[in-house]
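What follows is one chain in C-alpha cells, specifically the form predicted on its own.
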Amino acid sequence: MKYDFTSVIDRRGKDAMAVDAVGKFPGLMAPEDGFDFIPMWVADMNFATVPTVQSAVAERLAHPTFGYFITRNEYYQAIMDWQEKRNAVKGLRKECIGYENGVLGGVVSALNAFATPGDAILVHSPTYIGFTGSIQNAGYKIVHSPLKQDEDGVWRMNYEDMDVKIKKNKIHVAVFCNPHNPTGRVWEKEELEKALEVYRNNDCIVISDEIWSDIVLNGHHHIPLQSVNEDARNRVIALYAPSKTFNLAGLIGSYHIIYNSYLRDRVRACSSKSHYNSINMLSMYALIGAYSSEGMEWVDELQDVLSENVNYAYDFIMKNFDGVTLSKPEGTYMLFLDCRKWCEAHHAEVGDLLKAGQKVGVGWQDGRPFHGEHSIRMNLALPFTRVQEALERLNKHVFQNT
C-alpha cells in the first residue's frame, strides 16, 4: 500500500479523547496492570490522516495573519468534485453548499427551521447517541421506528411502522442516517425509494446524516438520498463532513447540501442567528487538502483496510464468542454486537461484559444509549495487529473464562 495503516500511533497526551479520557469518561475503565489500552469506543480512527491535509494546513500556517477571511472558491470546488467523483452527484452548485460547525448542529438548525419544540421527530432505532442528545436537548420528542433484522441478519426498515407512527404523531420532520450508524447498513436504492415514498406521502422534510458516506466496505456503494429522485432533491437536507473519513473531528467542519432554495433559506436563517456557525480557516484548508486526488487514493486504501478488519473481526466473533450475534456492517468501521444470549446464559447485564473487556484493555462502548438493550459498540479503525490483539484478549480472558 502507498499509505501507512499499520503503524501504531501513540496518541497519549495529544488531546485524543479516545485514549486520554480513560478512567475519566463515565463507564470507561482503565485496564488492569499488564494490559495496555486499545481504543475501540469513540468513533474516530487510529490512523494518520492523508498527508495532503497536513501540507495544506502547514502551507497556510506559514503566513502570519489569521484575521477575518472569506471562504475560498477552492473549498466549494473541492466539495463539488468530491461529490461528483465519489458519489456520482451531478449538477451540484456552489450556492447549494453551506458550512456547518458540525453535523449535529446542522440537524438542530434544520429542525428549528421546520418544527417547533415539543413536536415529534421520526428517527430509526438503534439510534446514534448524538441524535438522541441533540434532538431532545433542543426540545423535540423522538419517536422511534425500529429497524428489524431479516432471516439473514440484515437490518431493514419497517415502512408500515414508519407510516403509522408518522400519521399517529403528526410528524413532518424525520432524521435519517445514510449509511446507518450504529448498524452499518448501506441502504440500497430500492430501500431509499420506499422510505422516500413514506416521507412524501406524509409531507415530511428529511434531514439526512451522510457523514459516513465515504466509509463503505467490501464493494458496497453509497447512494446519496437526494439523488434518488427529483422529489428527494426538494425534500432532503443532507449533511456531510470530512471528519469521519479523514479523522478530522478535532478541526471542526461539516457542510450541508440543500438543493431547494426555500429549504436552504430557512435552514440558513436559523443557523445564522447566533453568528456561531462560521467556518474556521484551518478546517477550510484541511478539507481542500482532504478532498484531493491524493485523498481519493487514500480513501480507497482505507476502505480496503477497514474491510479486512471487519471481515476478520466478524469471522472471529461468530466462531469464538458464544452468546454474541452480529450483522456484518456494510459501511462505517463500527460493529454493533448483540450480547443478549450471553447475558441470559450468565444471568448478567451487558455492563458486566463491558467491564470484563475493559479490565484487559479493550475499550469497547456501551450500546444501550444507542437503543441496543444488550449491545456493545466496537470501533475497528485501528491497525490490523491491534484488532487481532483485542479480539484475542476478549477470547482468552472474557469469553473463555465465563
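On a predicted model such as this, the values are computed, not experimentally measured, just so you know. Start at 1 and count along the sequence shown; that's the residue number.
What comes next is about the form predicted in complex with a small molecule, which does not appear here.
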- Message: Considering non-hydrogen atoms and a 4.5 Å limit, does the small molecule approach Y285 in the predicted bound form?
- Response: no
- Message: Is I79 near the small molecule? Define near as a heavy atom within 4.5 Å, in the predicted bound form.
- Response: no
- Query: Would G323 sit within 4.5 Å of the small molecule in the predicted bound form, counting heavy atoms only?
  - Reply: no
- Message: Check V103 for me: does it contact the small molecule in the predicted bound form (non-hydrogen atoms, 4.5 angstroms)?
- Response: yes
- Message: Only one of 227-235, 161-169, 124-132, 79-87 has heavy atoms within 4.5 Å of the small molecule in the predicted bound form; I'd like to know which.
- Response: 124-132
- Would N181, K244 and S254 all count as contacting the small molecule in the predicted bound form, using a 4.5 Å heavy atom cut-off? yes
- Item | Answer option from W212, Y291, Y140, W187, heavy atom within 4.5 Å of the small molecule in the predicted bound form | W212
- Note on the structure: None of V206, C177, L111, L306 but one has a heavy atom within 4.5 Å of the small molecule in the predicted bound form; the exception is C177
